[in-house]
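In the structure tokens that follow, the same protein chain appears in two forms, which are kept apart as structure 1 and structure 2.
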Structure 1
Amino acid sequence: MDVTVIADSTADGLNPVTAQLVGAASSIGGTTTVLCPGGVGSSQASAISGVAKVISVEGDCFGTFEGGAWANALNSLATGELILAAASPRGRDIAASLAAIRKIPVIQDVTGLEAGMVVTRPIYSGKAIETSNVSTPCVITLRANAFDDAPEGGSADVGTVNQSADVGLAVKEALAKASERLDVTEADIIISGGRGMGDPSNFSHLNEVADIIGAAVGASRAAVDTWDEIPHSMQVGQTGKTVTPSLYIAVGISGAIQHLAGMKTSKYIVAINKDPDAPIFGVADYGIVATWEDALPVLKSELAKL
């Protein structure tokens, strides 16, 4: 089986999870080609045992991350029946975009992959393990440290392909960069709003606070489900993103169990809610019983003084 691995990289080079992806591919007898977005880590990838070929994929779109643009640039080069990526924020985004482009299945957060395409992954927040047989073509993301590293000792050829962005991708990239905010999974400070914000337009007040302190803006599931203007990518919770920032500010969020599951391990939690009995106060380090209309202007004023 031909397997394409999407390399995962950091500012320092290849992320160690890439060797784990190659190890997983080798365990099912795959012939592995590694694609290195932006050319990062291509020489390191060639030294991984089990890699048959490395393609350094260069292009304008790799200057900043936008999942759809990266997936479009990688699509024609991902020739394997099986595409593997890391279950990281970037990896999941690229995997989902590639699967959508090709109209094939995507299986996220896999922790086991065996010959015959038997995959296992945790479900219900890790309370159960799902085992299933999947058929190719498909895209799968693998969790870090769930698979053994492929050893070093390889000497795969490295090719370079320059995928210059077309006008459509360039426009998307420019718009993404202009409106870019930190992903909630990577931010050290998060301010999130719930349905208590009253209207999606009121999230602009959260954005103003976020701009002052360099925070990401999140949302509760109730807000995402209620308003189309609030995208799922902002959702924090059991069915959204699990976060562990140094500071989490919850505004107009009651504190449903599914939301608490995604943020209660934050180092310091500040809650603003007009209901003194809101469950969010049960996990908050500091609670403010007030409407967001009263609390946010004061919060913004004080933060601006820092």
Structure 2
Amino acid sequence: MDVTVIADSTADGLNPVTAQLVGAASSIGGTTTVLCPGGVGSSQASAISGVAKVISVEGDCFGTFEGGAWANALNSLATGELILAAASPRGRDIAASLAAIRKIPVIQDVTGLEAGMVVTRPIYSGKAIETSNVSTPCVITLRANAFDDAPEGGSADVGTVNQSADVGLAVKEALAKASERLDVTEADIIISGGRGMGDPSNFSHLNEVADIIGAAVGASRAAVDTWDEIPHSMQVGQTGKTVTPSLYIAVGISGAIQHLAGMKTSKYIVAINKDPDAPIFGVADYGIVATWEDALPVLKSELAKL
């Protein structure tokens, strides 16, 4: 089966999920063409093993993100029976737009994929799992870290195609990123703080731990709503970001159902909370009943020893 993979990237290059899209395509026997919007990451993509061809899709329309415009520009090249994209904010937009242009179904945020197009995905924020049959052609987005990376070692040909599309919006002002830190959706390790941190300045302790292990720093909604210094971009949960890192460390977070909705599927969860009955311990692989004031200094020194 011909599979079109839409590369997921930022200005800095491919996001790791792109190799997972290729890995998933290969696992169902697909012949994979990777489309790189704006030409970003095309040489990186050609080095992913299992890629048959890379098309660097260039054009002015890729200067500003608009899902519909990008989809229009990619459409004539997205000829696979299966079109795969990442379930990232941009990936979802492009996928939904491509499906609407082609009048084919789109299934978002898939965590399991089998040939014959059997897909599984969490619904109700992970409170249930849905398995469905989808007829091809279709567009499917995959959740980051739910599929194994295709290894490096490929050497696919890279072609370049120029496309154009009408962009209906213009960026008037780019506001500085709230922090230069790694975004929680891109991180393999996340340490998050809640209202139990007591004061936004105490997030500096979380930043210090994060710096040691290359983690992103997240927050609960109570922290975001209470303190202006903690931006919504850090919020994990039902009305924040959904994350699936290898390790999620929750500090001073009670574990409300809406917070769990965003992080429950993390591979390993560590909770630090002074209340032994906090619901977060119900999902933690390793629970530590202690105040963060006591626990974080030890955590810092233990991690620094590694």
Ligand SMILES: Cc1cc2nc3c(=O)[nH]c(=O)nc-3n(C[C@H](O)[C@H](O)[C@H](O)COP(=O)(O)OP(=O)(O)OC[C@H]3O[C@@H](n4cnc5c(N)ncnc54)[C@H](O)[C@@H]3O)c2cc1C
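Every residue number counts along structure 1's sequence, beginning with 1. For clarity, a rigid core is taken as the largest C-alpha set superposing within 1.5 Å between two forms. These figures come from a predicted structure and were not determined experimentally.
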Exercise for the section: Of structures 1 and 2, select the one representing the form predicted on its own. Expected result: 1
Exercise for the section: Indicate whether Ala47 shows a C-alpha shift of 2 Å or more between structures 1 and 2, with the rigid core used for the fit. Expected result: no
Problem - Yes/no, Ser201 Cα shift of 2 Å or more between structures 1 and 2 with rigid core fixed - result: yes
Practice task
Using a rigid core alignment, state whether the CA of Gly13 is displaced by 2 Å or more between structures 1 and 2.
Solution key: no
Handout entry: Shift in Å of the C-alpha at Thr242 between structures 1 and 2 after core superposition
Key = 6.7
